Ligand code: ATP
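The data below hold one chain only, encoded as structure tokens and taken in the form predicted alone.
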Amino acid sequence: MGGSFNPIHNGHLVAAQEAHCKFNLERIIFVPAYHNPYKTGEKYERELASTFHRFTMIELATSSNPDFYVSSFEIDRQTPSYALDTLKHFHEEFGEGTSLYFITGTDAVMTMPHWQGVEEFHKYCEVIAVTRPSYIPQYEEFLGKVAHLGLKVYFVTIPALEISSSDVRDRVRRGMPIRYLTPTSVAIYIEKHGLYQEQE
């Protein structure tokens, strides 16, 4: 499961658990991005917590689930995070007999035709696109655009994904509570370290 996780919230965790159950997965590996090459701008840079903080929050959030793991692969490379590189890494680590699924938000998946190396994705994984009920993408149009790529994409609606990382950051800035939107351990961590409090 890839993303910035800035910060991780309960929507991410519910989506991971749903994918784990629906697709009978052995484990979910959360892979925080070092830097998303498709997100740019001063606001993104200003609001992005350090890799140390984001990784630590994921560890706190997932520690009680024995099927959830965290990988520092993209962070350790300290280069822009391209999903294909990560897929190749895990394909090599787990071997030919392992089926890999790439889990991310539907809004990100809809931009996939423009991703670097997307034409190779079908060699390494199938895609699980998780979406919130209020987001209604043009599925048919998207599937038409990627048909030539041989990519298998499954769309899964997750009610808890109405929570977003940007909403969590905004609430922190405004001094509003975020407990029950993120795991309590993450909410405490954000408060303790003063994350996301910079004003616009």
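All values reported here derive from a predicted model rather than from experimental measurement. Throughout, we count residues from 1 along the sequence that is shown.
Another form exists, predicted together with the ligand; not displayed. Remarks below refer to it.
Here the chain stands by itself, but in the model of the complex one stretch of 59-67, 170-178, 144-152, 131-139, 131-139, has heavy atoms within 4.5 Å of the ligand. Using a 4.5 angstroms threshold between heavy atoms, Asp85 stays clear of the ligand in the model of the complex. For Phe5, a non-hydrogen atom is located within 4.5 Å of the ligand in the model of the complex, even though that partner is not displayed. Mapping the unseen interface onto this chain, Asp107 counts among the residues with a heavy atom inside 4.5 Å of the ligand in the model of the complex. Using a 4.5 Å cutoff between non-hydrogen atoms, Ile28 does not count as a contact of the ligand in the model of the complex. The partner is not shown here, but in the model of the complex the stretch 11-27 reaches within 4.5 angstroms of the ligand through a heavy atom at Gly11, His12, Ala15.
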